[in-house]
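Given next, in structure tokens, is a single chain: the form predicted on its own.
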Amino acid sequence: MNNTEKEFHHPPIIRITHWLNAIALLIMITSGLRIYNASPIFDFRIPSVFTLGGWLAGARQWHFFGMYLFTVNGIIYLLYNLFTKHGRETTLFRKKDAAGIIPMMRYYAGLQKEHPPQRKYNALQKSAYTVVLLLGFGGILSGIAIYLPVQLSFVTALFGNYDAARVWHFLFMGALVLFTIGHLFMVVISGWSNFLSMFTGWGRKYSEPPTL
């Protein structure tokens, strides 16, 4: 690939928050599974090889560290996307992106051979990245409901009660895991250049998007 086929995709703040988020999510999931094993809400336990912390107290310490990192990092990422033109234009789903959903679904389903025009992210990616922000917020809020059910009882009440909040927390985190798996799959099928762009900032040049 020569230089004329490349363009700048990811500013430093996007690359840094992306990888910090991956680290925070891995810590929260593995330590959270160890905490789950201490008092399962379903009829199964997670093999210890997939958990972090060694014991409940250790897992809680790791979980809180991951939670603080995930929260602060997420706030920075959200503010950047809300208050910069780059973020609003390329990441967050907007009304005009709706027209691109069906063409992308047809392309991924094999019903359309030609890739629809796009810039940094296509309509499905933008919708996924917008929804994942809501999932992250739900995971944090339900975690607060579990951690401080008495002091912040009104937050716990939003989920029904303490036990229901635990279920919601598990579902939110499960959804984030599924998103991560889907994200990794899309990175693989998109090619090596797409993966490297999250380190260097540079990736292949996309065709111009349609006028909406």
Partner chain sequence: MNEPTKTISVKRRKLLQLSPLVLFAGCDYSAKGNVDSFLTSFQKFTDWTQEKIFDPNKLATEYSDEEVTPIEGFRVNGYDTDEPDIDMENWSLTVEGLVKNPGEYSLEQVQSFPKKVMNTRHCCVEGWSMIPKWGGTRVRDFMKSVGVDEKAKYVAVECGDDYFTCFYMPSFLHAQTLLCYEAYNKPLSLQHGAPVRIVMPTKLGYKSAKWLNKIIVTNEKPGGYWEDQGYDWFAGI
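Positions refer to the first chain, counted from 1. Every value quoted in this text rests on a predicted model; they were computed, and no experiment measured them.
The same protein also has a form predicted in complex with the partner chain, omitted here; what follows describes it.
Undergrad: Considering the partner chain in the predicted complex, find the one stretch among 153 to 161, 182 to 190, 168 to 176, 43 to 51 with heavy atoms no farther than 4.5 Å from it.
TA: The contacting stretch here is 153 to 161.
Undergrad: Any chance 14, 83 and 93 all have a heavy atom within 4.5 Å of the partner chain in the predicted complex?
TA: Not a single listed residue reaches the partner chain in the predicted complex, so no.
Undergrad: Taking the shortest heavy atom distance, is residue 29 within 4.5 Å of the partner chain in the predicted complex?
TA: Contact check for residue 29: no, nothing within 4.5 Å of the partner chain in the predicted complex.
Undergrad: Considering only heavy atoms, tell me if residue 33 and the partner chain come within 4.5 Å of each other in the predicted complex.
TA: No.
Undergrad: For the stretch 51 to 82, I need every residue with any heavy atom inside 4.5 Å of the partner chain in the predicted complex, listed N to C.
TA: Stretch hits, in order: 55, 56, 57, 60, 61, 62, 64, 65, 68.
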